[in-house]
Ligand SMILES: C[S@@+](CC[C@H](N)C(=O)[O-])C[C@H]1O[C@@H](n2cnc3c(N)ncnc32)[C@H](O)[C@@H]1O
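What follows is one chain in structure tokens, specifically the form predicted alone.
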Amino acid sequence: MMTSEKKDLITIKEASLFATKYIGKNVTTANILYLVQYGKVKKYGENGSTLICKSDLVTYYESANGKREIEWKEKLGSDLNWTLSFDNLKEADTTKHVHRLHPYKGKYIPQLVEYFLDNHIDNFKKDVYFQKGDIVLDPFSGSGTTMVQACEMGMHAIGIDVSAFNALIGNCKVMKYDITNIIIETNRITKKLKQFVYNSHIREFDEELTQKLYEFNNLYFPVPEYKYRLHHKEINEKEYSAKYEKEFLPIYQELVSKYGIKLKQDNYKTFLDKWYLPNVRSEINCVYDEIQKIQNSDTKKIISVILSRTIRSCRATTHADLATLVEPVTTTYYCHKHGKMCKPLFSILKWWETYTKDTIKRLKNFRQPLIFTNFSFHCSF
């Protein structure tokens, strides 16, 4: 490495400070690590230390940052209100508290609702249509974003939607819960699910398969070297991935045979038949049956939403096709999203536990700063 290049190397923390100053926005160490992990900038350093080249950062930000506002104003006029792009927000801001209780296509961000309900976001906005205590009606309320923000801003809210499932999600976002009861019931169901998983012996199969994939990926798809080479077109991804996808298949088939894993359901008529592996379908049924035993109706509804969110994440498809569903996947495959060999899900336990904890946390975060004198509901026809 040349002397001039050595002087250009900085630590992750230094890169965070430099990038923040350079682009005028807060860039965290996690943001920098993301760039390294996904091959956007090259990793240097040895013995566990990670260094990156300052000029690589400059090149990256010059090629991507700040371009959109200029381009859009050139197309639509300099009077374009760029405030409404919310370009400065992170995903954590736009999916705060109960807004991420369940995925919903076509959902607008809560900050857009705040902008039109309140004038504190934009000092130049003169028109204010709602004050605290007013009633907000959303006749096409979807997953309830407007209702949630109205509640958060001290307003009453009424939501109407043609979809009963949308009504369920929206109502669950603005309900007042007995959190202790939710914790008790989810703990009970989780204990039951763990016992079900243990009895099915799927855990041993999944653990051995995960270990084999880990070893294989370290050998042929090392991070971040592989992604860096991919990003800089040093590897033909299609040819390279096809070769090693085929090479791992016999390892997978041997494990399936060893543990007697069933890869397809007997029936193939309904959505649940087609898109869920047999063991996953059995676990879904297990949790569903336990939810039916819940006496508290509000608790039952929010835990049903947790199950729905879990089911959505456990379909037999690739990570890249999760939202579109191309073809059911029952074998290991090369994942274009993660740049390595991945596997279909054989159990819902991990996602069930993740979403359970996440939901309880989001319900608490939404309610802590609020005094609930609001009347909010969501109905469907």
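Model, not experiment: these values are computed from the prediction. So that there is no doubt, residue numbering starts at 1 and follows the sequence shown.
Another form exists, predicted together with this ligand; not displayed. Remarks below refer to it.
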Contact residue in the model of the complex, chosen from P139, G77, P250, G133 - any heavy atom within 4.5 Å of this ligand: P139
Interface residue in the model of the complex among S304, S241, T145, N171, criterion: non-hydrogen atom within 4.5 angstroms of this ligand: T145
Stretch in contact in the model of the complex with this ligand, which is absent here, among 293-301, 256-264, 103-111, 199-207 (heavy atoms within 4.5 Å): 103-111
N217 within 4.5 Å of this ligand in the model of the complex, heavy atoms: no
Close approach of A92 to this ligand in the model of the complex, 4.5 Å, heavy atom: no
is_contact(E185, this ligand) in the model of the complex, heavy atom dist at most 4.5 Å: no
4.5 Å heavy atom contact, D161 to this ligand in the model of the complex: yes
In the model of the complex, residues of 174-191 near this ligand [heavy atom within 4.5 Å]: none
